[in-house]
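There is one chain below, alone, in structure tokens, taken in the form predicted on its own.
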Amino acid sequence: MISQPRGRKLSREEAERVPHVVARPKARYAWSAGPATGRFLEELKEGRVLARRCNGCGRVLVPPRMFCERCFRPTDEWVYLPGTGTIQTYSISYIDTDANRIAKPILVGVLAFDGASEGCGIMHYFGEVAPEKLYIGMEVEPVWKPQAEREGAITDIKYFRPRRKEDRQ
């Protein structure tokens, strides 16, 4: 084992002599979600869930991709899915997105959309269900934001709720 020399803490006087540069670059940039994700997000804005089908292996991919990672070929066609699905896994979190403790838990997990191939799922929130009633295999449906509030993001779906009314809060 080769030992490395350890650094030392700079004195206040030494630290003040270290040059500091304040820069405000006038950089302009653009970002594209790409053809598959871009169209997926636009369709969410309209209240529709979109996938891509690979005719080589028959998979239906959601979120959609222009290239099938299983058979290594371009995907072939757009497919609309009903938006319903099944919970694959979930977490009950008493810590919010800012790492603060909360009294009412956040319910989040992975769901597989009906009509999509196995192994294709998205992570999202679950609502209108008590934590103790949530289970793997629960059938869920999307609760959409009002049309005027949608912006072409996965959050256009506010959350997924149980399809069975008796499972709802």
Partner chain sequence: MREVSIVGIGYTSFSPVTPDLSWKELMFEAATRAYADAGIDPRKDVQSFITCAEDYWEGFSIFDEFTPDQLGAALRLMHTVAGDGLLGLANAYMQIKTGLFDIVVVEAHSKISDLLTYEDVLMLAFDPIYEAPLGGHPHYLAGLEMREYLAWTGTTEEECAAVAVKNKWNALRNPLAPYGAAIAREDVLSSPYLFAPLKKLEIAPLVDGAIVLVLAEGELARRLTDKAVLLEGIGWSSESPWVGTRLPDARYARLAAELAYAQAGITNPIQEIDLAEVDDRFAYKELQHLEALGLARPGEAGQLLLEGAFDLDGQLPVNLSGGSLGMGDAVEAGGLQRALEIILQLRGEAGARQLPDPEVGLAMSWRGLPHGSGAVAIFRREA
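Positions refer to the first chain, counted from 1. C-alpha atoms forming the largest set that superposes within 1.5 Å between two forms make up the rigid core. These figures come from a predicted structure and were not determined experimentally.
There is also a form predicted together with the partner chain; it is not shown, and the following applies to it.
Taking Val143, Ile102, Cys57, Ala33 one by one, only a single residue has any non-hydrogen atom within 4.5 Å of the partner chain in the model of the complex, and it is Ala33.
The partner chain is not drawn, but in the model of the complex it has no heavy atom within 4.5 Å of Ala148. Contact check for Pro82: every heavy atom lies farther than 4.5 Å from the partner chain in the model of the complex.
The partner chain in the model of the complex comes within 4.5 Å of a heavy atom belonging to Arg70. Though the partner is left out of this view, Ala130 does not reach within 4.5 Å of the partner chain in the model of the complex, counting heavy atoms only. Heavy atoms closer than or equal to 4.5 Å to the partner chain in the model of the complex belong, across 13-32, to the residues Val21, Pro25, Lys26, Ala27, Arg28, Tyr29, Ala30, Trp31, Ser32, ordered by sequence position. The Cα position of Pro146 differs by less than 2 Å between the shown form and the other one after fitting on the rigid core.
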